[in-house]
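We've got the same protein chain twice here, in two forms, each standing alone as structure tokens: structure 1 and structure 2.
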Structure 1
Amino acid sequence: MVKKILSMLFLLVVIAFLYMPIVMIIIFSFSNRTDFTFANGFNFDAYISIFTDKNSGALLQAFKNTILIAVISSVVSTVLGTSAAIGINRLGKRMKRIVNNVNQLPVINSEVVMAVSLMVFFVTFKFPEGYLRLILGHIAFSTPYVVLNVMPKLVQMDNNVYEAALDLGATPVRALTSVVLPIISPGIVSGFLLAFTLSMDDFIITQINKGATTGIDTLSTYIYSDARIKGLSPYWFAVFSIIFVVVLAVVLFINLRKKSKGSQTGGIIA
């Protein structure tokens, strides 16, 4: 009994340590102040100032840039990562282990090293500054994570299912799209969401490769430049709160949908 209580207390402490800062940001987003007080009372001024502040145009443009780069790079990363994972899964045991280890190098490597390496690559081969460099950089950074999400589903899949589809007359492309992809779709969705999140969250690769004269900013680089000059404005607390709530809602929706599908499948089997 004591052991169970201590385990619960430890879990609560860990959860509080992880999420209390986020909860505080959400709470103080309704104060429209940066000194963490409610001297102005409870209000929605910080949320309103997202659209009415003199910097609203730059903020919304940074948000559009973030979404544009994240969507394009995550879609391409998902296609490349899924294709690569399927190809790796068909390799022999030794070669598969080697390729998997190579794929993990960008994951365990320092992001600063990768950002500078990409900059050297872009400058050497004269890639134009701007969106092209940023999108390619985010694709290179995110694709290994997609591979790592898709591979476990391929390992769990019975390869005889694919062979059976071929025996029943399906072409390799039809067997891939109608049999393999639906089976590994949870891994594909997870890989896409992770790639999208990594792209939205990235700062170092974007900051180093966006180019000094392009004027392109994402949320992360705009926050940095804004905070460096005059400190965080109150509306940033509202922005952070909105991002967290949206991400939380998406995660809950996906998990509840998976649970609902699992219950329906279980009911049919029963």
Structure 2
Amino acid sequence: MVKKILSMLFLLVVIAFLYMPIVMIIIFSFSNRTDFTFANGFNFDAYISIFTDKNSGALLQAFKNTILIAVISSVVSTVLGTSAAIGINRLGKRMKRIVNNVNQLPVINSEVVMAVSLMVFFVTFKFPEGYLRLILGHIAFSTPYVVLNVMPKLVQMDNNVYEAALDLGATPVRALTSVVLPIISPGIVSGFLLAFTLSMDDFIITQINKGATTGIDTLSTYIYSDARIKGLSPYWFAVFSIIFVVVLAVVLFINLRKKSKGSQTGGIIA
């Protein structure tokens, strides 16, 4: 019993360490101050200033860019990655191993190296600066995750099911769309969610590939350029609190739903 209480205490200390900054920011987002006091009392001014601050136009634009890039890149990654997984699964043993290894590269590679290599590539082949480079970059680092999420479902799938569909007169396209896709759909959905989150969350690839002259910012690069120089203003406390709550709620929701379905063994998240 003592042992259990001690272990619980230890875990609570680590949790406190992990959540202290997050909780402090949320609490004091209602003070409209940055010195962690309630000298101005409890108020919502920081939240109101998100819409009235002189920066709110730029913030809104950054938010729109983040969503735009995340939606386009994750949809393309999902389609590309799913069809890739179907194809790779049918390749010969040796070819399959090569493709799988190359597919792992963006996952294991350090983000800075991936980002600068893309930058050199875009400069060398004169890709126009701006959204195109960013979207291509985001597709490049998120598609491998889609493939890795879909592949296990394909491996688990009994190939006879597909053959049976063909024997029963389905065309190959029909067999894929109405037999294979539904079976692997959990992998497709989690791949898509992961691609979307990774794109929204990305900083390094975007920062290095956004180009100096375009002025395109996503949320994370905008936070970096603004807050790094001026420090956090109360307005950022409010923005961060919203992001914390939304992200934590979404991840919690996805995981609890997954767990209640009991679909995965052992692994949490993705």
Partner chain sequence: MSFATKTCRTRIKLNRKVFGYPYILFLTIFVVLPLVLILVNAFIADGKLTLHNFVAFVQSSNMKVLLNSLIVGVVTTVCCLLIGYPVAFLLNKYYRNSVMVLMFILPMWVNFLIRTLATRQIFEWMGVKLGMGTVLVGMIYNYLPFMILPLYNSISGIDKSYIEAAQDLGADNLTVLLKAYIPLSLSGIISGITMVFIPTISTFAISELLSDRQIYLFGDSINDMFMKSSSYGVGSVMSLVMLALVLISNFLMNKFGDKEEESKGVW
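For residue numbers, the reference is structure 1: its sequence is counted from 1. Every value quoted in this text rests on a predicted model; they were computed, and no experiment measured them. Think of the rigid core as the biggest set of C-alphas that the two forms share within 1.5 Å after superposition.
Only structure 2 is derived from the form predicted together with the partner chain. Remark: with the core as the superposition reference, the CA shift of Asn209 between structures 1 and 2 stays below 2 Å. Remark: with the core as the superposition reference, the CA shift of Ser29 between structures 1 and 2 reaches 2 Å or more.
With the core held fixed, Lys153 shows a CA shift below 2 Å between structures 1 and 2. Note on Ala16: its Cα is shifted 5.1 Å between structures 1 and 2, core used for superposition.
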